[in-house]
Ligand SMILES: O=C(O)CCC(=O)C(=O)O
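Below sits a lone chain in structure tokens, taken as the form predicted on its own.
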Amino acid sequence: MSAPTKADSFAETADRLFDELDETGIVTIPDALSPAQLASMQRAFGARLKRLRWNNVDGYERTERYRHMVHDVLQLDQGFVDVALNATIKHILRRYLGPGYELTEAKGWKSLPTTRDFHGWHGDAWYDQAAATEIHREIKLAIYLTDVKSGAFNYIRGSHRKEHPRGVKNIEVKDVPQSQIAEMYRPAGSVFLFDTSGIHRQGVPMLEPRQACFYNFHDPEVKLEQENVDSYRYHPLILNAAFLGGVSEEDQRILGFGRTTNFIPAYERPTPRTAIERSMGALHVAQLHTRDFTTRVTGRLRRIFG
């Protein structure tokens, strides 16, 4: 009898993690990021959190009170791409979602300290449930960029694939034993997968700021919920060519190379022009006029006085 090979060991580990995901709906992926990868990702993500995105200044977006959103994180650092194409994760996703799965969204946010239960129990409603003949499978990959010591991600083990995803009231889960709830208190660099049809929430209270990224994987041919179509949520991934050297054909498929299924030509995000937006625009134009005038006066004075 031949000795187990390295490939055998890899497959056994990946299959064991798949079995845990299949049974409970959630699983931690060990050693998905090296310390060097994590440090580089933290620097790149932190740079986007320094200021609000506006005009030609990169930064975060803010559409809600308790979170600063960073979209399209695959642009930021090689590590954000590498973790999506991690061999163990691909093995698990291929078995769980089927061979046609793709990465359909990659974003992150900084959550602010609060005692408010602002993101309560729910399953993620992403597909058109009226047109669905089944509970479609979707997996999210979570990456902690900071230590999570409070306000951890909570997941009710075994609640996945029971019904179409929806919002869940606290009273509906009041009798769930604490032992069934996975509370993901983890250090920075931790990576875990979960089935988004399972019941989960943002825990409270959150006593310190938290930075995390979440990737969505599903079959891109599944018809989306209309709200997600209107918001262009699952647009083709925005990638950085510097991070794509040597990607395999399978990796290209996972990243959606050449796929136009959810591409909307000339899409324009609906947004009302508010008084604040008009005022900021007018102030910016005034600053440009002032800078142009100062430049011209300075140039004339230099010509006169040498």
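Start at 1 with the first residue shown and count on from there. Because the structure is a prediction, the values reported are computed rather than measured.
Another form exists, predicted together with the named molecule; not displayed. Remarks below refer to it.
Using a 4.5 Å cutoff between non-hydrogen atoms, S197 does not count as a contact of the named molecule in the predicted bound form. Shown alone here, W109 lies within 4.5 Å of the named molecule in the predicted bound form, counting heavy atoms only. The closest non-hydrogen atom of F214 lies within 4.5 Å of the named molecule in the predicted bound form. Put simply, W126 is far from the named molecule in the predicted bound form: not one heavy atom of it is within 4.5 Å. Interface residue among Y234, F153, Y101, F80, judged by heavy atoms within 4.5 Å of the named molecule in the predicted bound form: F153. Checked against the named molecule in the predicted bound form, the residues K90, H122, R161, K149 give one hit for a heavy atom within 4.5 Å, which is H122.
Heavy atoms within 4.5 Å of the named molecule in the predicted bound form belong, among the stretches 220-228, 129-137, 161-169, 202-210, to residues of 202-210.
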